[in-house]
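The chain below stands alone, shown as structure tokens; this is the form predicted on its own.
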């Protein structure tokens, strides 16, 4: 007899549950609502000279602790086949990368790129010249581990040309660090200045030390010291994301999208201004607290109204008297005038008595 009920359910094949360590790893690599700092993968190409190897070590020092440097050489061509770099980024759980190489055709070559959803998003190839490493500036103060850099882009092309806009966005994404809501001024210890002049890009790094303002005030004055690394860059090959992939990479989860509030706006001073719609209120019968000033003002207003009303009545009486005088030839007031008027009325009525028959 075949098993039925709960006994049959126990014997049915079920999906095998992953181990606890595998489940923790899958949970750590899945998409998060609040993403942390982007980890960087630094690796060498088929051929790499000492200059580019030093450049990778310095980039790791600037990006630390969110950076991983691979010492072995890799036969990778990002612009022809991106599967290798996508596999390495997925394996090492990194989203941005830097590939350094050197050959006769492209000497001192540095490729900066990033991935999205385990696929190559965009990559920019740069030529490095006049490289000065961190060891070149011996004795100069260095940035703290994990501190966020400040960026300054100098030049018109950063806001005018699309290629430079993409490079600017890539550099900011590469060095952005952990997203924070507020910063302490003491944590801002280095600034990266990127200047564009006639097609050349000058990458300079300065250590920032805050001094007391000699003119007074709470805002400190920054003192810049060249700390490295410094290099001159020229843009070579580029590969950008398609419009659909770029749009998908900018999509935010629903939990982070703020709901649009109606009748609310922010003015130029950062103050929130809102409109409140209420029904018409009858405040005529409401008696509020009246101060002495209001009582005096109301008494003065009533006195002025009564005086104006009396003046208006006097003007009406004067006008009525003038009209009466013009019509009847005498004034309305006075005993003689009034009596004469009554006698005249009687006279007009025939003397006020009956006629005697003769």
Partner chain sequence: MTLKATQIAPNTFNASKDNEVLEDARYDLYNLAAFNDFAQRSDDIGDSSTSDTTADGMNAALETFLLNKATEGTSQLIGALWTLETKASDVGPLALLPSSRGDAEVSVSNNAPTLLPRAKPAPKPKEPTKWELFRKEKGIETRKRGRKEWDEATGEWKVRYGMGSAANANGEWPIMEAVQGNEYADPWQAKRDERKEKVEKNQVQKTRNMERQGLVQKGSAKKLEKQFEENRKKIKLTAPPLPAGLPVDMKSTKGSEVKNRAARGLESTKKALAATRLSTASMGKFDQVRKGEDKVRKKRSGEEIRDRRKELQSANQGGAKGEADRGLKVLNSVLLGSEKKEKMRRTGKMHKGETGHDFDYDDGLGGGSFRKKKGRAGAGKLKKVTKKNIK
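Quantities reported herein were computed from a predicted structural model and do not represent experimental measurements. Residue numbers count along the first chain shown, from 1.
Not on display, but discussed next: the form predicted in complex with its partner chain.
Novice: Heavy atom within 4.5 Å of its partner chain in the predicted bound form: which of 300, 49, 32, 306 fits that? Just give me the one.
Specialist: When its partner chain is considered in the predicted bound form, the option within 4.5 Å is 32.
Novice: Quick one: of 279, 156, 75, 271, which gets a non-hydrogen atom within 4.5 angstroms of its partner chain in the predicted bound form?
Specialist: Contact residue from the list: 156.
Novice: At 4.5 Å between heavy atoms, is residue 285 in contact with its partner chain in the predicted bound form?
Specialist: Residue 285: no, not in contact with its partner chain in the predicted bound form.
Novice: With heavy atoms only and a cut-off of 4.5 Å, decide whether residue 148 touches its partner chain in the predicted bound form.
Specialist: Yes, residue 148 lies within 4.5 Å of its partner chain in the predicted bound form.
Novice: Indicate whether residue 100 is a 4.5 Å heavy atom neighbour of its partner chain in the predicted bound form.
Specialist: Looking in the predicted bound form, residue contacts with its partner chain do not include residue 100, since no heavy atom lies within 4.5 Å.
Novice: So in the predicted bound form, is its partner chain close enough to residue 215 to count as touching (4.5 Å, heavy atoms)?
Specialist: Flag for residue 215 set to yes.
Novice: Verify the flagged residues 132, 179 and 210 against its partner chain in the predicted bound form: is each one within 4.5 Å by a non-hydrogen atom?
Specialist: All of them do, each having a heavy atom within 4.5 Å of the partner.
Novice: Pick from 76-84, 117-125, 100-108, 261-269: which stretch has a heavy atom within 4.5 Å of its partner chain in the predicted bound form?
Specialist: Among the listed stretches, the partner-contacting one is 117-125.
Novice: Can you tell me which residues in 249-284 come within 4.5 angstroms of its partner chain in the predicted bound form, by heavy atoms?
Specialist: The stretch 249-284, when checked against its partner chain in the predicted bound form, contributes 249, 250, 251, 252, 253, 254, 255 at the 4.5 Å heavy-atom cut-off.
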